[in-house]
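What follows is a single chain, given as structure tokens, in the form predicted on its own.
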Amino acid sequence: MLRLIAVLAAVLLAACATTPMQAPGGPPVILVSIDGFRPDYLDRGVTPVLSGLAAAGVRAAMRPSFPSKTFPNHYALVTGLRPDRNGIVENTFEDPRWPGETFRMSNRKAVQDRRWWDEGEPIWVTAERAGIVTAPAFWPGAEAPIQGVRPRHFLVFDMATPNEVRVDRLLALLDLPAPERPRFLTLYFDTVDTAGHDFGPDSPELNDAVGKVDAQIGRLVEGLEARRTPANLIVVADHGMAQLSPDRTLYMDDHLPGDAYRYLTRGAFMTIYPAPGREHEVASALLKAHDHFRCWAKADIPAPYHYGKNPRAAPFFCQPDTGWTLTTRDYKPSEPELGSHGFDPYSPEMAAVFVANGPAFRPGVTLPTFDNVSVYPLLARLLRVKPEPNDGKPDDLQTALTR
């Protein structure tokens, strides 16, 4: 591991003495998402590579956008737009323009349909329009021709693809001839999130998953060294993870009859759709004080959450306290879930990691917590493209940059 730490300094902090192998226009920008990776995981003694990158570069905790789910926040990171503006308002949602259709992460047809994604412009679309080759592998949205533009290189998501294969595919892209070699690339790991759901964020299994992903980051860094490729490497997460317990379970059945509504999401929140003619009944039941959860009509969701104006947002949104589960009695999971996300993004358990290292970043910088939409203007700056209008604040990361 000492050699790996040396690699970090040699590859990511300084240009190589020999001619670097990089795409035209500057160092490649590699955005790595480790789904469900909290900032405090860096302090558990199982991440020598990532902790080394952080010590020799930039470290921060990021606040996810509301709701703190996977697809909305991955799209927020690359568009700079909060979910209410980027259109991916949840992992599972509907659009009133298309009755009978539901967007789900598991719905391959929907995931590849640009209609769901066109409310935002991800950084790879902006880059491709500027003539920059991109490769947003396994990133939400990358499989669709958003606004009519496809990335030069993309992969259809397959959760069964081993992490080491994902790293090898990224490195292989850096071996392409210069005209095809991407300057913006992404890498995605889902195993930490899976372990968090299955075993909880404080489990040995979670720590084991974190350590294994850290080793893959090490393989990535070694691969960059072998290619003499100084890169700007940014490691993020979409959200954190909170511990669940069976004795912290709430049931909507205790407040509403099942035929008065339907829901699309349960757990860390519920999205409620009243049955026709039952709107007043649902509002009367939900919009009052409850133990351990609160509900809002979409128009009244608190301003700090920046949510509720998009027509795709559900009519009512109910949020339990962090670590509690809001469900129905007829839902019978095959295995109990011991960790989850989707809770209040201001809750410390929902914080997401941010680590950056490379020639663009100053060493030894710890930033205050910032909103994840500020990653987008950073990406635009590193790629030297004009950012689209966005919700990010370039000043959030200004002090982390060398210039």
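What you see is a predicted model; the values in this text were computed from it and never measured. For every residue, the number given is its place in the sequence shown, counted from 1.
We do not show the form predicted in complex with a small molecule, though everything after this point is about it.
Among residues of the shown chain, Arg150 is not one whose heavy atoms approach the small molecule to within 4.5 Å in the predicted bound form. For Ser374, no non-hydrogen atom is located within 4.5 Å of the small molecule in the predicted bound form, even though that partner is not displayed. The small molecule in the predicted bound form is not approached by Gly120, whose heavy atoms all lie more than 4.5 angstroms from it. Asp190 belongs to the set of residues with a heavy atom inside 4.5 Å of the small molecule in the predicted bound form. Only one segment in the set 170-178, 123-131, 70-78, 250-258 has residues whose heavy atoms sit within 4.5 Å of the small molecule in the predicted bound form; it is 70-78.
This chain lacks the partner; the member of Tyr305, Tyr273, Trp296, Phe157 within 4.5 angstroms of the small molecule in the predicted bound form by a non-hydrogen atom is Phe157.
Of the residues Arg312, Arg115, His197, Arg266, just one reaches the small molecule in the predicted bound form with a heavy atom at 4.5 Å or closer; this is His197.
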